[in-house]
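Coming up is one lone chain in structure tokens, specifically the form predicted alone.
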């Protein structure tokens, strides 16, 4: 079974995001970029399926600028077999990404597609669902456990009321949640091997998809500064402020 995994290039989660002085966008100059954490979990799950003898090939696909090859190479170092970059310098919206991925799925014919449930830069949490609709494939979102057996996959989902287990017919789409696994670190020998693994580059034109913006970014603002706290002399003073000033009791 071939497993297709999507990865996205985002600002490293340890980096404090800065807003441009004109509030037009986030400042990406001299900022460390990394693989989206949910995508790391997706790659790890695909590699584990391969190690268990369930998957025969793990293909990683990313959409974005040429620099996104770095994240694909990271996934290859973690155990994926080959990579595909759909290169575009445009700001790709979720629907456009889903349409491009649908074309890749049509070409690759994977038995399972594993995606991060969302990217930490946009937090849209919708590309996996859109891809499922475009490809008419069953979906299991927010996965905390994945079990493949024959032509079925059981996905344990994290929902508001607890856990829900669904069974999907393959081919299917799974989006990963935080508790699915703990991603491994790439070893130096595997990093060197990843440089020799195949990586194909395509364009939206090659896939027959028009990149068109349907939304416009108007303004970006940093979160409001937190006000400094105060100290109170007694419990009575604390209760008084909570009741009369904060009005929370």
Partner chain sequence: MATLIIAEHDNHTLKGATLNAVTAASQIGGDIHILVAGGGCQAVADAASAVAGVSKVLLADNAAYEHQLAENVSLLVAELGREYSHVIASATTGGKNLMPRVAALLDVAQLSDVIRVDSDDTFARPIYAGNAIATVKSLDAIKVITIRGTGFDAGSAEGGSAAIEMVSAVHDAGISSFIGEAMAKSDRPELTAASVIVSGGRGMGNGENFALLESLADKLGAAVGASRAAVDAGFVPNDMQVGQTGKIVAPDLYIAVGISGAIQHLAGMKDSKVIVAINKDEEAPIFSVADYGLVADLFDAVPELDAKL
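Predicted model, so just to flag it, every value in this text is computed and none were measured. What we label the rigid core is the largest C-alpha set whose atoms superpose within 1.5 Å from one form to the other. Numbering follows the first chain given and starts at 1.
Just so it is clear, the following notes concern the form predicted together with the partner chain, a form of the same protein that is not shown.
Enquirer: Look at the stretches 208 to 216, 59 to 67, 44 to 52, 192 to 200 and give the one with heavy atoms within 4.5 Å of the partner chain in the model of the complex.
Expert: Of the options given, it is 208 to 216.
Enquirer: Taking heavy atoms only, is residue 121 within 4.5 angstroms of the partner chain in the model of the complex?
Expert: Yes, residue 121 sits close enough to the partner chain in the model of the complex that at least one of its heavy atoms falls within 4.5 Å.
Enquirer: Please run the contact check for residue 87 against the partner chain in the model of the complex: heavy atoms, 4.5 angstroms, yes or no?
Expert: Judged by the heavy-atom cut-off of 4.5 Å, residue 87 is well away from the partner chain in the model of the complex.
Enquirer: Using a 4.5 angstroms cut-off on non-hydrogen atoms, would residue 167 count as touching the partner chain in the model of the complex?
Expert: Contact with the partner chain, yes.
Enquirer: Residue-level question: is residue 78 within 4.5 Å of the partner chain in the model of the complex, judged on heavy atoms?
Expert: Residue 78: no, not in contact with the partner chain in the model of the complex.
Enquirer: Enumerate the residues of 140 to 159 that have a non-hydrogen atom within 4.5 Å of the partner chain in the model of the complex, in sequence order, or give none.
Expert: 141, 142, 154, 157, 158, 159, in sequence order.
Enquirer: Aligned on the rigid core, do the two forms place the Cα of residue 224 2 Å or more apart, comparing between this form and the one not shown?
Expert: Shift of 2 Å or more: yes.
Enquirer: Checking residue 12 here: with the core superposed, does its CA move 2 Å or more between this form and the one not shown?
Expert: The answer is no, as the C-alpha of residue 12 shifts between this form and the one not shown by less than 2 Å after core alignment.
Enquirer: After the core is overlaid between this form and the one not shown, has the C-alpha of residue 240 moved by 2 angstroms or more?
Expert: Yes, the C-alpha position differs by at least 2 Å between this form and the one not shown.
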